[in-house]
Each structure stands twice: as C-alpha cells, then as structure tokens.
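What follows is a single chain, given as structure tokens, in the form predicted alone.
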Amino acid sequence: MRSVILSIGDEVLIGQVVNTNASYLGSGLFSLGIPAEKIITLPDNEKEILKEFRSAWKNFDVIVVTGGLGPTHDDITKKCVAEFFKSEYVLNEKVLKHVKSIFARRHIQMPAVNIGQALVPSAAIVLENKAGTAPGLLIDKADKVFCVLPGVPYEMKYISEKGLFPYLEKKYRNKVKRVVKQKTLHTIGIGESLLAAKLGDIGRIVRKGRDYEVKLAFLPSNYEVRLRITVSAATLPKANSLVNSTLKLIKKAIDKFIYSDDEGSIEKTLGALLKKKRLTISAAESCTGGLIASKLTDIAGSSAYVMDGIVSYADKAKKRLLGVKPGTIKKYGAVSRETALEMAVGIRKRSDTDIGISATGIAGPGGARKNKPVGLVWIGYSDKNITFAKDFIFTKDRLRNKDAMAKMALEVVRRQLLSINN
C-alpha cells in the first residue's frame, strides 16, 4: 500500500507556517502500515493542484490533502476536488446546521460566505469536524482513497482521528501485510549523544530479524530528546512483544531521564504525580517570567495542586514579595544558589503549599557576569523536609532558555517526588 501527502497553501511554501500537518499525517499513515512515500507542498494555484491530483491518483493508493477548505476566495481545494472527480456540489444540511451552531454559540451573525462550507462534492463522503467549520471530504473510488482535510492543525487532527484513520484501518485491514507499532519515550535533562552513549549497543539486541524489524530514532528538541521505537512484524502480538522488550531495555539504561512514555508533557506528568500524592505547589519566578506557572496550569484540573505564582523579576520584588534578605542579594547576587533557596522557601511559606519552586537566572542575550554566563539558572526547591538548589547552563537564546529553565524546574520537582538521584 502506498500513500502520498499533499499540503496546499502559499503560506507553507513561503515559510510563514510550519507544516506540522504533514508530520502528523506521516506518523499516522505509517502506523497504519500505509507509509507516505512523498510529501508535496503546493501553491494555491488551480492548475498546479489539478496536475498533482492527476499524478497522485495514478501512482498512489491513498492520497491525503490538507489546506484550502476555508470560506475565503483563496481557498480553492474543494473546487479542484469537484472538478477532478467531475462532481456537482450538494448542500449538506448537517454541515450547515453545525456551522450555524458555532456562530450562534459565539453570539456572532454568520457571514453568508460560510454557507459555502456546507456545499460538498456529491462524490464525497463527509467527515464530521466538531473542532471547526470545514468538514473533511473522502472519496473512495477504484479501491483508492482520496481525502481532503482542513489546514488548521487541530481540525485536521480531529478529522483524522475520528474519521480518516478508522476508515483506512477498516478498508485496508486485510491488505496491509505488516503490523507497525510505535512507542515514544520522552526524556529531559540529557543530550542526544549522551543518551546514545548510555544506551550503548542496544541496536545489537533489537537488530533486524528474519520476520521483524526494530528501529530506534533520536528526536532532539529544546533540552529534551524523544526516543521513538518503531516495530514492524508479521503479527500484532509479535509487534507488541518487541515494543515491550525494547522498552524494558531502554528503561533499564536511562530510566531516570524518562518522564513519559505516553506522549505526555513534563507538566502533565508532574501534574498527575502531584495529584496522586495530594501535594500542592507554588512558583516564584524571575528569569522564566511566569512560564513555570503557565506550564503547570496548561493542564486541565491543575487547580487541585497549583495554588499560587509570583513573578519577582526585580530585586525589590524578590525582597518585598518573597522575603529574600537584602544581604543575600548584595553578597551573592540575584542569580545565585542562596537567592534561589530563599525564593523557594518564601513562596512556599507565603502560599502555604507543600512545595515551593523557584527560578532565577540569566536568560540573555545580555546580562552575563563574571562566572555567571548567559543561560545560567538556579532552580530552588523547598518542602517541609528539605530545601536545595541546582544550577544548569543552557543556551544563549532567550526564548529557548526560558522554555528549558521552566521545564527543568518541573523536572527537578518530579525527580524529588520520585526520589530519583540526580
């Protein structure tokens, strides 16, 4: 089985929008055993779109198109689909009712142009889009599947998960010769090369066999590395067994660096841990500017454990709001172990929480001092039994530093709660 992904939109070609849709769809198709052989990006040009439609229909079993389903004049994908399949438009009352309900819920009068989103090619099966207004369109013809999805990522994901992927899995269940399974581990606080060194020659143990294949990919991001296990086997039980055995080998080597094996973020992992242990937390932030609290509260239900947060950016704020001693800052500086400790204790006591976490550092690009480079952060931790601070040095990029500092603060808490030696 062969598939291709067509991404439509001038904004993608000029670099204004990053094509995350293609990576998501590529992963999903691969997991179904219908890997994408090509990802092609096209302009909002009818001639070019139709040309690529013809080529894709000739050469592939599954064609997935994203973009150009909106209500404005530059959204021409649906028109091209209707022309390519020589299909007339029909009004889908269910889609129209859904679109109207979205505007009604927001107390906004629906523009007449949005009625067009309920006009669909008669040859298409409509895939419901509860995340937005434009439905997905699927044409099943000549044992091929041609599917068009909105370009808005969360709408594309919703339709893929609820409509496209289940449809493909059911249709091609007996034609896919191999079972493909993936598992992604999320690590933090260790680089790609050091991870590879710690894992050693794990590839020798899980190398390609006669009837199966196991691959391990390293996917680095900002101070995190995702480890993707991909298994291809003749049967589902064999694939699951290989994933589990590979997972055990990896965890044995680097378990303390793994914070999630279910695609969860560090804030989701820590939130679940705090909730399980019935602990509360508060954050005192300088260089991270509220990002620690923001990450914590990104998780639904975080009000069960997040009590308070203070952005004490200026030295005066650290003294006034957190009780940091003037002498501490004068002697050691705002970016120091001592200040981080007093900030963590101060926020915990002020907020009456089980845990206080703090961050004070130099985000950059300026502000370096002697023995205090750009990227340095002191993260303080305090509970009723222990108070400590750890220092880390990140990059020279301000926004990357803020993100890494905030994530590492959450990781410090996670490791402390799990009694993981650093």
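Rigid core here is just the name for the largest C-alpha set that superposes within 1.5 Å across the two forms. Everything quoted here is computed from the prediction, not taken from an experiment. Sequential numbering from 1, following the sequence displayed.
Missing here is the form predicted in complex with another copy of the chain; even so, the following discussion is about that form.
Between the options 173, 105, 278, 252, which residue brings a heavy atom to within 4.5 Å of another copy of the chain in the predicted complex?
None of the other options qualify; the answer is 105.
Candidate from 121, 309, 163, 116 lying within 4.5 Å of another copy of the chain in the predicted complex - any heavy atom
Contact check passes for 309.
Quick check for you: of 270 to 278, 318 to 326, 337 to 345, 89 to 97, which stretch puts a non-hydrogen atom within 4.5 Å of another copy of the chain in the predicted complex?
Of the options given, it is 318 to 326.
On the criterion of a non-hydrogen atom at 4.5 angstroms or closer, are 128, 237 and 247 all touching another copy of the chain in the predicted complex?
Looking in the predicted complex, the three residues 128, 237 and 247 all stay beyond 4.5 Å of another copy of the chain (heavy atoms).
Are any of the heavy atoms in residue 412 no more than 4.5 Å from a heavy atom of another copy of the chain in the predicted complex?
Judged by the heavy-atom cut-off of 4.5 Å, residue 412 is well away from another copy of the chain in the predicted complex.
How about residue 261 - does it come within 4.5 Å of another copy of the chain in the predicted complex, if we only consider non-hydrogen atoms?
Judged by the heavy-atom cut-off of 4.5 Å, residue 261 is well away from another copy of the chain in the predicted complex.
Any of the heavy atoms of residue 76 lying within 4.5 Å of another copy of the chain in the predicted complex?
Although another copy of the chain is absent here, residue 76 would stay clear of it in the predicted complex, with no heavy atoms inside 4.5 Å.
Closest heavy atom of residue 26 to another copy of the chain in the predicted complex, within 4.5 Å or not?
Looking in the predicted complex, residue contacts with another copy of the chain include residue 26, since a heavy atom lies within 4.5 Å.
Could you list the residues in 144 to 173 that come within 4.5 Å of another copy of the chain in the predicted complex, counting only heavy atoms and keeping sequence order?
Sequence-ordered list: 152, 154.
Indicate whether residue 412 shows a C-alpha shift of 2 Å or more between the shown form and the other one, with the rigid core used for the fit.
Comparing forms between the shown form and the other one, the residue 412 CA shifts below 2 Å.
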